[in-house]
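This document starts with one chain, in the form predicted on its own, laid out as structure tokens.
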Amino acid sequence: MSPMWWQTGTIYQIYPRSFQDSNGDGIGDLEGIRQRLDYLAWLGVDAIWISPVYPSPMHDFGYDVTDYCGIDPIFGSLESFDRLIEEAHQKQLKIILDFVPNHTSIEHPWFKASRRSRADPKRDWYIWRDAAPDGGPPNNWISNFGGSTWAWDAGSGQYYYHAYLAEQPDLNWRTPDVRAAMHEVLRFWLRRGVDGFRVDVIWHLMKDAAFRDNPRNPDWTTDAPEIDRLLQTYSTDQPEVHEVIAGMRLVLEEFDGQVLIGEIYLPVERLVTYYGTNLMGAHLPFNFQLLNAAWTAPHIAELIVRYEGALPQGGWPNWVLSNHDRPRIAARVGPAQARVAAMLLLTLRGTPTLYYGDELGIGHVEIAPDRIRDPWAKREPGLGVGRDPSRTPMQWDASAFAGFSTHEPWLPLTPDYEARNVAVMSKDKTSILCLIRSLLHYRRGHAPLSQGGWHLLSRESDILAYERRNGDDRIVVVLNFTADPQAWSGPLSTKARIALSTYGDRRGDFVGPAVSLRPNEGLLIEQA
């Protein structure tokens, strides 16, 4: 069978507040994304995943939803969304929408009805529990942003559950009416032409029916976030969640070729269960192993081998280097190894997701205390949990505010934005931007990378090497994980030649059987 578009393509995540401001308020919007579609087509990505743009009081910047079938005026309107989809499709770009089914805003009409009375028909659309015998919370569960997951509602005399902020009450997915309502939300957007959904915290959707206490985490230390104090044994990843996901998948099956992606932070053995029975779960349970991996060749090799071995028959792999919740790859491994990481991401087997700004090598951006916007950072200061450094504005040119806006952006730019921007770096053939563009276009044009098999060649202490093969077409990737020159000998023909170097040069040079690598260099080699 021919592969699906989401198997051979590359996904590009956009945090809409930070991509392009079209109306001068310092916050990005849908019209801004539309204006930059030509850039995305030039870059060579295939699909755009847009983080939430629904109406919201913005306690958690759009992840607290008041209307699942609307667009917040900050970002535009349904009409601007429709224009974006239409023009994206004209440019052969898919649109993936963020779906936030675990919780709503406290201001959502559903929750307002639910808290009005214990007898209200929507009472069981949310999770309400009586107080413990001592009057305290029903159990020991901890919010992902610190503190108890339970908030007291004096009006109705019960606690309601919130896995995140108290302003984000969790929906009760054990209630059939909730499932039916959320399935209609999916259909609403599918009819408007979206090409798929990334489902927020999909492993949270079902909780233990008995609400048992979570066990203590013996490895927790006081310098870690409070959420890590307990193991989330009963508050997440319950067996019944797979039935819920299969229900979503069936809705997508009513349409043609849409993709279901699940956000899941679990060990790989649990992660792969989210492909579902007979692969009727998420098409792509997000594989986040590279987000926290020790950056050494042996560790990365072991991680890949373990993941490939755990995949169910027919399950399609995927890889992620950065996202809106975790530090950027350049902040973790440095600017030189960020190039190696880009080659890794775009040459592994499976669907890669590229985070906006990573193609510019944006690293850690220092956020002054008076500029912090992240509610988690405000609730647990001093622990380094702030997500603002990963959400700073895209940098387009060297003008004031980097071409992102005509107004002071909602978060600061990098100090070197006058050099680290699309306009400057697109003219420098040795820039990380041009490297990633070359990798994207090469991947699209070569079946061994977009759909071929993967075979490990070396996991030495300094070098990771592997082969991608599709029929007789073979491509070898050799990555130097160190700041020292290295040599590698492998199964290369005497006519093997370099297709791409992370340095942006050496294209067409013959190599083999021995390959010399410069510090922090990755090579993509075509076998003759």
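Numbers for residues come from their place in the sequence shown, where the first is 1. All figures in this text were calculated on a predicted structure; none of them were measured in a lab.
The same protein has a further form, the form predicted together with a small molecule, not shown here; the description that follows concerns it.
Among residues of the shown chain, R339 is not one whose heavy atoms approach the small molecule to within 4.5 Å in the model of the complex. In the model of the complex, the small molecule sits within 4.5 Å of a heavy atom of Y164. Under a 4.5 angstroms non-hydrogen atom cutoff, the small molecule in the model of the complex has D325 among its neighbouring residues.
Proximity of W488 to the small molecule in the model of the complex falls outside the 4.5 Å heavy atom cutoff.
D200 is the sole member of D200, D170, D237, D72 with a non-hydrogen atom lying within 4.5 angstroms of the small molecule in the model of the complex. Exactly one listed residue, out of R391, H242, H446, H283, brings a non-hydrogen atom to within 4.5 Å of the small molecule in the model of the complex: R391.
The three marked residues, D60, H103 and F145, each reach the small molecule in the model of the complex, with a heavy atom inside 4.5 Å.
Figure note: of the listed segments 248 to 256, 117 to 125, 151 to 159, 200 to 208, the one touching the small molecule in the model of the complex, with heavy atoms no more than 4.5 Å away, is 200 to 208.
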